[in-house]
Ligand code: 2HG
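A single chain, nothing else alongside it, follows as structure tokens in the form predicted alone.
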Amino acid sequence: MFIDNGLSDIFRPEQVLTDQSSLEKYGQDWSQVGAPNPLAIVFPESTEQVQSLVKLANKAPFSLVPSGGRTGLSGGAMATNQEVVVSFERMNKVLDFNKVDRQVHCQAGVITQQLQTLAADNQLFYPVDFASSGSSHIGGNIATNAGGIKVVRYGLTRNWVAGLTVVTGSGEILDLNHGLVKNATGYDLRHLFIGSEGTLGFITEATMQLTNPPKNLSVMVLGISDVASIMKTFQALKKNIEPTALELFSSDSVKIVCEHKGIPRPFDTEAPYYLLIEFENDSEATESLVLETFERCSNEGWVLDGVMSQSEQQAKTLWRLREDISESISHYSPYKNDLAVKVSKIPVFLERLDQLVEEHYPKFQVLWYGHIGDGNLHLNILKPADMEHDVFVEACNKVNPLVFKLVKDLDGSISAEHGVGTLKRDYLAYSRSDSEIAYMQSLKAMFDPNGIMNPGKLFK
């Protein structure tokens, strides 16, 4: 009866959905881990409504699962145990734009692309960008500390959060940092909620920092001869230019994208690996330096071939070689791993992981792509057409401990930017020590004493 006597005291009838179609839609994210089984979907419109809901959930009790654009790949927004899903779709307003401070104060449900467009319309730039920017929410980006393709120059979402309004698991509203650049007054609780995946509380509003837009962007795609040459080419480029993006993808990735999207190959020469470099081509001197670096890398045998965009349209086409990979392989039901090591360890990481994959996945097609500029690589295993999905997932899961052991040996991360959610929850110890996990659980207990906030995510 709490649905009638509790939620109806907080929300109008149109703000609560309990029909089966809505429960299935809002009860899962892109990971589609487990069967969605929420109790209800609610659509708050203000921080105060979220606060009232959290207080009700503590009293009733029932658990809450946050829902943004549901573009997550780690099961962080799955509701499988009669939770109430809190969708931030209607909290989608830009509350203030300050051109002097170059800041936007907005609700958590503002779509990433909406913020990017607002910035561009005011000759500014919001640099956090990824394939799901047209559907992901700012609140979800903050809750997972989203990365994307511009991290090598601009850093993660964390770098651009100037202030937060959150509702903790005990129902308190915290207004954190107030958009200040300098604030040396003790613990900065803002950073506890960034990347916390909704386990400590729900982000309802954010003040996001903007910056100047890059100018005259050019894109270069290079065919790399072998693993060792990846790092050598990377170092040569970084020595002479500061790229805005630096992406790596394998030859199989290029083949699938070109076949499925009808995109022309960047050049005729076959290469086992490809590097995509985006940079500000702001002068003839810069372009000459880039071309000299390309020539030197070619003479060394590191680069087999290359192409540089001569127009904005060509730059967009070259970018599609990287950005369209995820969509192109989606019908293969890929098993995804999102891994990170220090940039200097990428060659040894790739070599060892290739050996491991070849040994344990000899019949599976494996694709590599990722953000080499920040050490983040995505391992995608494609499901054979004649294999049942459950059998395929079970086979991949068996090798996870070996993959994560390699990551741990290299002091890396089992989840670079997708978060932990439920998919990586049982493997957290491969990236965090027992002491770290114990402190994290203590923080969870302090902010969410009854364990109602996104239960089962990050920890059991």
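Numbering starts at 1 and runs along the sequence shown. Quantities reported herein were computed from a predicted structural model and do not represent experimental measurements.
Quick note: we don't show the form predicted together with this ligand, though the next part is all about it.
Output flag, Ser251, Glu278 and Arg320 jointly within 4.5 Å of this ligand in the predicted complex, heavy atom basis: No: none of Ser251, Glu278 and Arg320 comes within 4.5 Å of this ligand in the predicted complex.
Residue (of Val85, Val221, Leu73, Ile224) lying close to this ligand in the predicted complex, criterion heavy atoms within 4.5 Å: Comparing distances to this ligand in the predicted complex, the residue within 4.5 Å is Leu73.
The single option of Lys345, Lys336, His105, Arg265 touching this ligand in the predicted complex, heavy atom within 4.5 Å: Among Lys345, Lys336, His105, Arg265, a heavy atom within 4.5 Å of this ligand in the predicted complex occurs only for Lys336.
Region of this chain that lies against this ligand in the predicted complex, out of 86 to 94, 302 to 310, 173 to 181, 374 to 382 [heavy atom, 4.5 Å]: Of the options given, it is 374 to 382.
Contact test in the predicted complex: Ser326 vs this ligand, heavy atoms, 4.5 Å: Ser326: yes, in contact with this ligand in the predicted complex.
Heavy atom of Tyr369 within 4.5 Å of this ligand in the predicted complex: Yes - in the predicted complex, heavy atoms of Tyr369 and this ligand come within 4.5 Å of each other.
Distance check, Glu417 to this ligand in the predicted complex, heavy atom within 4.5 Å: Heavy-atom contact with this ligand at 4.5 Å: present for Glu417.
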